[in-house]
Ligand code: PMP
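Next comes just one chain, in structure tokens: the form predicted on its own.
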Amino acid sequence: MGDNMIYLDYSATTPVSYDVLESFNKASRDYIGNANSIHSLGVKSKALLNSATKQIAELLDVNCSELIYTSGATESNNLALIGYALKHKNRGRHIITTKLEHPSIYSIASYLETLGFEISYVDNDSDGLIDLEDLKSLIRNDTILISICGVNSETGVRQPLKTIRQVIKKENPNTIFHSDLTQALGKISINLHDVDMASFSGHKIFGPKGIGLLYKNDKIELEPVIHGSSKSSPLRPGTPPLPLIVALSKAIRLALTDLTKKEEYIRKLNEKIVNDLSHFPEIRFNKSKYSIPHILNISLMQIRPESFIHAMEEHEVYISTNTACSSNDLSTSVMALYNDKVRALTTIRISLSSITTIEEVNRFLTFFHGEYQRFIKLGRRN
């Protein structure tokens, strides 16, 4: 990245790490065969594919057969929710999700409604955690699937997936639990035995764009969403993108190395920003004690976030409004947390990573102070 650039939008995407890119290039150069082909080049590619999958399975403590490669978390979410709904529609047509999901989940929910499925939205408490009593009351005999993201992409609130799963299975053992874990992988420790299905994306963990994963417990049956030659993977047909898969395997391995150490370091950076920006009485911090330190959401209250973001960009500082994939100005997650429209319309997301330096944070704060005070003065003049 550029010498003067301060990138603080890691939750939107991450740069590809040098080691991951090396793995991608090597696989592209040295393994030209289609892993589905029966000749020696195909067999060689297939062996590499299998070893990359085995590494991911070991790192995530699951079976190789439980991993499906996709183009990213959005596709994984589609395959999980639509694939499960279509396969089990005769058993029930009720699905539960939250008001704290990634926009892709809402698009899928709307689509499923056109197919005759009923979607319920579970409430959350003021800390952003799922209201377990409300969840209990929503689960019915015909509830086939529940999807709750592990870490919210705007406020960083982390859900207690193990507890949620216990509640679900107690109310209806046949209800399947899916979680979008895109913002959790490589940031906090996760246990895939707490869920039945989970979605991931490579580009959030310094891997390439265009590769993701769906973890699906072996017992679960899905209807494919993409149809084609189903030789290697009936649920995701087509030629396996071997270099992307190898790169993903490397990215996951690196992401899970020194996880606790990295999290502690990022917590220090987060606290530094919070302590500094707390001096501005108008700024609101949209977080709870369950927010992970990698994501810091603030509301500027009387300032338009887009204008502020572009002003910071003049200094080569890159931050974002709510999520990169959200076209709506209103932050649904902040609204779900505080029920305050002004707060939800003026959010800015600062997202940190283990490669963010203290020096970058200091420079960010200097530019922030300058721009924020300029905006406040302009506001007073109007």
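Predicted, not measured: the structure shown is a model, and the values here were computed from it. All residue numbers refer to positions in the sequence shown, first residue = 1.
Heads up, the form predicted together with this ligand isn't pictured, but that's what we're talking about next.
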Would you mind picking out the stretch of 169-177, 219-227, 201-209, 120-128 that comes within 4.5 angstroms of this ligand in the predicted complex, counting non-hydrogen atoms? 201-209
Leu185 near this ligand in the predicted complex, any heavy atom under 4.5 Å? no
In the predicted complex, does Cys149 come within 4.5 Å of this ligand, counting heavy atoms only? yes
Contact of Ser291 with this ligand in the predicted complex (heavy atom, 4.5 Å): no
Would Thr97 count as touching this ligand in the predicted complex under a 4.5 Å heavy atom rule? no
Given that this ligand is left out here, which of Asn77, Ser249, Ser299, Thr155 has a heavy atom within 4.5 Å of it in the predicted complex? Asn77
In the predicted complex, the residue from Pro305, Gly92, Pro241, Gly72 with a non-hydrogen atom within 4.5 Å of this ligand is Gly72
For the stretch 94-121, which residues lie within 4.5 Å of this ligand in the predicted complex by non-hydrogen atom distance? His102, Ser104
